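One chain follows as structure tokens, the form predicted on its own.
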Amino acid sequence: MRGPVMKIEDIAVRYGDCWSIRSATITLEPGVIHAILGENGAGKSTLLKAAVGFAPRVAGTVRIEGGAGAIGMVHQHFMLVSAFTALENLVLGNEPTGSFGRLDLAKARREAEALMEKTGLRVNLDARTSELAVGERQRLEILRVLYRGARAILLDEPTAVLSPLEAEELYTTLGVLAEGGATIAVVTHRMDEVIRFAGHVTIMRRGRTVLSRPIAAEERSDPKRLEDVLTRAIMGGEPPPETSPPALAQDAKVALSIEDLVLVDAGGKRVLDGLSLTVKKGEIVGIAGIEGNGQRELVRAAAGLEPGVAGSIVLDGARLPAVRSTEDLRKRRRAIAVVHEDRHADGLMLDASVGDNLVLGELGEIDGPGAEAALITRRIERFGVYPPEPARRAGELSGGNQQKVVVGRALDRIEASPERALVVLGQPTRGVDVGAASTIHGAIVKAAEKGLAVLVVSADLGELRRLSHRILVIHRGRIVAELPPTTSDDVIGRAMLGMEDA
């Protein structure tokens, strides 16, 4: 069944005195994957929300022409009920019923399993959503839209939480849907996805569409040139310089040593199963793996938020004690900077101001209100937080700018600490644009140059290659491979799946 043509014409969206979109025009045709690119805060997510009625328009029109079927949106931040099971979330609002109007869970399960089989997107239907890994929750969001029979599917950063293999599978599914006539639009920052899978690209900058055109087949034969053209359009100028790890001293000493670390979840399952690794001073080590194989728990263990049942974490020759008080947490934070993968759950107070979030956890450690204001301004400018308004509520920022706040706070803070030793980053550039990613990468390299050990967990293999001295692959809570950054996607992918021949 053919999807609709969506014509979004001269859209404008304003929140208070801030224009999120000033003038945006885009036409979404069925049968093609349409990629929407732009800097953080350019208005990409707001454009999709305006198209489906989630964002109030002050000007412009949205026309739906031809085709049939519902329009569905997969949001960047999950819209799930955490206490419900995956199956209950999947059918919520569109529940199949039996006699006397009762919920027919058996029918719901059959329909859900048939949909998962058709799309290749799989989740544990019986697990509570709060227990699902981030990647599983993303797949559940996509399944919800498809379950409702949507023929126009708008996705906001759908692969930000997926591994490269999972992203490949998703785009294969989207390609099949597009070939069947569905209307597909994807907001993304991943240029490789655009070059490989998109048939049309639209670029936004500061609330306006500045480019919208098809991607010709012959352009894909020179992906580097196409990436350069698109990056220039996104930034309105020269692309940022490429980042590489600093030279590592041959006699660099081990700063972090994790030995046979074991963590168990509430159900008694080993989420870290004898994990061991080392990171030297000035070294950047990347962690690659399919979501849900212990990455989140590794980051939390380093932060002192997950006590291990066995094994040890040794930093600069001293075993890290368990965190039992706020003061213990402060001591660990002075030596270790941590960025968690879920900025909403573990990194931000969305109802607090941007300024308060930029100095979160430093109460009593900054001398005077003037010093605090200067520190906030410096972090905003250094990491390009937009709009640069300390009093604005953090929840009003785009996802990428929220990420800048979280990463900027952690990296700027650890550099000033005399006890600095380690940086642990979970998905540091998730949802940020190429310019912001370059800024964050530069700050990571600077931390390594200052002698800090750096551990980067990322679903973006390109990011790990650019930053890392070496890449470790995690599978089922264990490190199963150590690889140079020049290793191919295929070999890394096989290791991520636990294949011995990798």
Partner chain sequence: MNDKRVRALLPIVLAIAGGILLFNLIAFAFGEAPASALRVAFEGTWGTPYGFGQVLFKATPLLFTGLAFEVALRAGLFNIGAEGQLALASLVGALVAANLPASLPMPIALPIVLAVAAAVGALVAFVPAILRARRGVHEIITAIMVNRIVDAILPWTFSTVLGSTSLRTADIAPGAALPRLDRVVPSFAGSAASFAFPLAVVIVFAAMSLLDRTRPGREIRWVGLRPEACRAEGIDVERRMLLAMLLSGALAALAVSSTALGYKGYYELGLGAGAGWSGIAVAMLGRGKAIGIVLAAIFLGTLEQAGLAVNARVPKEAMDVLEATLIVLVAVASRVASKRTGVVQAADPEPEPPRDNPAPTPASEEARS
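Residue numbers count along the first chain shown, from 1. These numbers were taken from a predicted model, which means no experiment stands behind them. The term rigid core refers to the maximal set of C-alpha atoms that superpose within 1.5 Å between the two forms.
Quick note: we don't show the form predicted in complex with the partner chain, though the next part is all about it.
Novice: Within 4.5 angstroms, counting heavy atoms, which one of the listed stretches 284-292, 333-341, 122-130, 80-88 is next to the partner chain in the predicted complex?
Specialist: The contacting stretch is 333-341.
Novice: Does each of Arg22, Gly236 and Leu360 have at least one heavy atom within 4.5 Å of the partner chain in the predicted complex?
Specialist: Yes, the whole trio is in contact, each within 4.5 Å by some heavy atom.
Novice: Would you mind picking the one in Gly311, Gly72, Gly384, Pro164 that has a heavy atom within 4.5 Å of the partner chain in the predicted complex?
Specialist: Comparing distances to the partner chain in the predicted complex, the residue within 4.5 Å is Gly384.
Novice: Which residue among Ala318, Ala322, Ala217, Ala345 has a heavy atom within 4.5 angstroms of the partner chain in the predicted complex?
Specialist: Answer to the contact question: Ala345.
Novice: In the predicted complex, is there a heavy atom of the partner chain that lies within 4.5 Å of any heavy atom of Arg409, even though the partner is absent here?
Specialist: Arg409: yes, in contact with the partner chain in the predicted complex.
Novice: Contact between Arg206 and the partner chain in the predicted complex at 4.5 Å, heavy atoms?
Specialist: The answer is yes: Arg206 has a heavy atom within 4.5 Å of the partner chain.
Novice: Is the gap between Gly364 and the partner chain in the predicted complex 4.5 Å or less for some heavy atom pair?
Specialist: Output for Gly364 is yes: heavy atoms within 4.5 Å of the partner chain.
Novice: My question is simply whether Gly435 lines the interface with the partner chain in the predicted complex - judged by any non-hydrogen atom within 4.5 Å.
Specialist: Contact check for Gly435: yes, within 4.5 Å of the partner chain in the predicted complex.
Novice: Rigid core superposed, CA of Thr231 - does it shift 2 Å or more between the shown form and the other one?
Specialist: Thr231 C-alpha, core-superposed: shift of 2 Å or more.
Novice: Given a superposition on the rigid core, I'd like a yes or no on whether His189 shifts its C-alpha by 2 Å or more between the shown form and the other one.
Specialist: The answer is yes; the displacement is at least 2 Å.
Novice: Is Asp489 among the residues whose Cα moves by 2 Å or more between the shown form and the other one after superposition of the rigid core?
Specialist: Where the cores coincide, Asp489 shows only a C-alpha shift between the shown form and the other one that is less than 2 Å.
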